[in-house]
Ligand SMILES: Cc1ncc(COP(=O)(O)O)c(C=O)c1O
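Single chain ahead, by itself, as structure tokens, in the form predicted alone.
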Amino acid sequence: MEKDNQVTTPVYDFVRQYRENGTARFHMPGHKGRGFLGFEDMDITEIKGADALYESDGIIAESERNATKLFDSGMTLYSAEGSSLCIKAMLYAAFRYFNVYLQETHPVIFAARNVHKSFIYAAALTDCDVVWFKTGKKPLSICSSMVTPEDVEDLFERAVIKPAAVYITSPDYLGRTADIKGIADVCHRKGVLLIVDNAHGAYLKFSENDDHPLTLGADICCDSAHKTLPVLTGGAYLHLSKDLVSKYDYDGLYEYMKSVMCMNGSTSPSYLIMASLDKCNEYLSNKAREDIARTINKVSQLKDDLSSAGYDIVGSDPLKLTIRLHDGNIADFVRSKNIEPEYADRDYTVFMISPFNTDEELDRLHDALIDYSKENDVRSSEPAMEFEIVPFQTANIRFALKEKTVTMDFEKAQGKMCGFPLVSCPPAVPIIMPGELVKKEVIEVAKYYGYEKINVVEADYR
């Protein structure tokens, strides 16, 4: 990993040297290193020496080994197609463990409902059944579903089948974090894997407390590197824990995971994205901890100032600022100040912050929100909607996605089976899942978020 106390960056170095040596490019891509955007000369394909992401045994494999050491995992693999690809691979990894190690056959996942839609499609591809947690707490948004260790214990006691894994999202889109250690303890006591969608928390490994899911006991997790680290959009990590990897022949597991990712992803992954993941290793080794600690302190002060001004700040993610204000116009106001939030709906406005936001940008955000508070009532207000939807599922996800569907007005869809999941993007969290019946409560929640139509199975399965 290190040479002369410096982390190696083999992918980035190869691409940079290839750009500089003036080779005539009689290979893909068609722009031949020249084009309209200005970075085409760093965009290459699987030429000699460049390795190949899904059959890696050269510079990409070396770079992934560097990332494995940095994250202290059993195995860390790159994705050039975000956590969406990793999520599919995570389910395959869980089912391999379930089938081979536990010698079980029927794949079932226990999951919180605030999953990303890519989980829904992964469930369809693997033809697994999903049992959804019903939490003890009232959900305050479709984006949150705070499953507790007690919720996990309760579902294990009530369920008639053993799952291949428990699946949660933490941090969630609003910055709420789950008790991963407590949930992991329950899962491992039951002999079940814990999978965590940590798309929004790649940086947590390098924070002072190291609250990364792997550290807290997760067996498999994914990080969207591009969300919180200096990586190009699409760059992500798939992590398998040391304990899980120890149960397998390493080379065989590595080949299997690569094959699974190839099966679900493009065979032409972006070298620009892979080079940015590779170069990020150097940053994570040298500067990340210092930068992240400094930025967390700034964000903590920002949250304190806003709380003093009357704002209701929710979530415990140190680098995410989430304001709860029902029917607030904060997003439009900050946009008028040339500030763009990550996400805004009727109840929440989310700002994602990283060490690469400048002090001037943080000051502008602070001043804009303080100015808004002086002219508006920013006291906490509970969302005007009950978000806990108790589903009535008549078919599994794969069945519903294969059926002939039609899009219709919600009022006409009551009692029909959901076809494709109804999501907003961001955050791509489904209100209703394929195979579930459209109930009155679903229609009310959908209208709350501004939806008028839904895709449903044409045939009547009531």
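Here the structure is a predicted model, which means the values were calculated and not measured. The numbering used is simple: start at 1 and walk along the sequence shown.
From this point on, the text means the form predicted together with the ligand, which you will not see here.
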> Pick from 197-205, 366-374, 293-301, 253-261: which stretch has a heavy atom within 4.5 Å of the ligand in the model of the complex?
Replying inline: 197-205
>> If the cut-off is 4.5 angstroms on heavy atoms, which of these, Val152, Ile87, Leu214, Ile180, is the one near the ligand in the model of the complex?
In response: Ile87
> Among Thr349, Thr228, Asn281, Thr169, which has at least one heavy atom within 4.5 Å of the ligand in the model of the complex?
Replying inline: Thr169
> Looking at the partner-bound form in the model of the complex, is Arg113 within 4.5 Å of the ligand by any heavy atom?
Replying inline: no
> Is there a heavy atom of Pro269 no more than 4.5 Å from a heavy atom of the ligand in the model of the complex?
Replying inline: no
> Heavy atoms within 4.5 Å of the ligand in the model of the complex: does Tyr173 have any?
Replying inline: yes
> Does any heavy atom of Leu37 come within 4.5 Å of a heavy atom of the ligand in the model of the complex?
Replying inline: no
> So which bits of 75-91 sit within 4.5 Å of the ligand in the model of the complex, heavy atoms only?
Replying inline: Glu81, Gly82, Ser83, Ser84, Ile87
